[in-house]
Ligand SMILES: Nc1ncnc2c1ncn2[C@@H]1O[C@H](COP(=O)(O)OP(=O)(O)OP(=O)(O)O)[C@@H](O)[C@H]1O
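In the form predicted on its own, a lone chain appears below as structure tokens.
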């Protein structure tokens, strides 16, 4: 059985100190109904944390509201609903997302994308716990927890006049900043295992990881964070069904990161080649004239020259496995 108990409390994966701190904050936030503001780069798992806060003290339903998708004249109707005849096409009363969240949690994802005119109405909801449907004169009271999330720097948004300062203060009661994946790389093996288990449960084949694959993951900075890692695992698991996993199956950003890392490793290891002076062997600065594959081919060739053709030694200097070296030699036509 390939299962591993990689998911800790609140459904958050990882043993890093950053994740332990977030779990503690979730426990504290769940004890009350104060607004929560989740900050962090895209893909860091803000909705996962929002659901964890709701589930730690569940009341009512959890209603996600994607502020980035609320556009045009129907935005207010989507949030607060409308009454029959409020506008052309309003043939019946409609409940809004806020009403659906009454008694539970409304999660405003990407709150920084909400237009200023809607920010005013959200501020009223926060201050008075009430809203008014489009076309109605009646105010409706609601009991809900509001959790907001954004990848934007709200201080800068306020300074630029794109986000209301009073709304920021109302939301910033309980702020939680989620770390980027590059800042908690010790959690990557657990996350990989977790996503493989989730993929297997949804019908994807199991993928055996290798040290080479995990080293590549650890060396990459994951600008898309946990979301990017999940998509990568799903892709590799799907490709696994077509035969043995190849490093060439990695998404292009990881392949370039790996090739660049190999060049750096070799450049730093030149001085370790006993009795060999190859000043021209050091990696040249990147230029738009020389492609990364060309640089990698040159690097491998020089490693073989430096080791007098000893492939095992060349692989060790490059920091790659012997089979990877053989595959790249074949790829670049190196004899």
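Bear in mind the structure is a predicted one, so any value in this text is a computation, not a measurement. Residue numbers count along the first chain shown, from 1. For clarity, a rigid core is taken as the largest C-alpha set superposing within 1.5 Å between two forms.
What follows is about the form predicted in complex with this ligand, which we do not show.
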Per contact check vs this ligand in the predicted complex (non-hydrogen atom within 4.5 angstroms), the hit among 207 to 215, 117 to 125, 184 to 192, 165 to 173 is 184 to 192
Requested in this report: Decide whether residue 106 counts as a contact residue for this ligand in the predicted complex under a heavy atom distance cut-off of 4.5 Å.
Outcome: no
Using a 4.5 angstroms cut-off on non-hydrogen atoms, would residue 47 count as touching this ligand in the predicted complex? yes
Can any non-hydrogen atom of residue 227 be found within 4.5 angstroms of this ligand in the predicted complex? yes
Report task. Please check if residue 110 has a heavy atom lying within 4.5 Å of any heavy atom of this ligand in the predicted complex. Result -> yes
Answer key, this ligand contact in the predicted complex at 4.5 Å (heavy atoms) among 32, 42, 69, 301: the residue is 42
Across 10 to 26, the residues having a non-hydrogen atom within 4.5 Å of this ligand in the predicted complex turn out to be 11, 12, 13, 19
Legend entry - Core-aligned CA displacement of residue 19 at least 2 Å between this form and the one not shown: no
What changes in the predicted complex is the Cα distance between residue 230 and residue 328, by 3 Å or more; the two atoms are closer
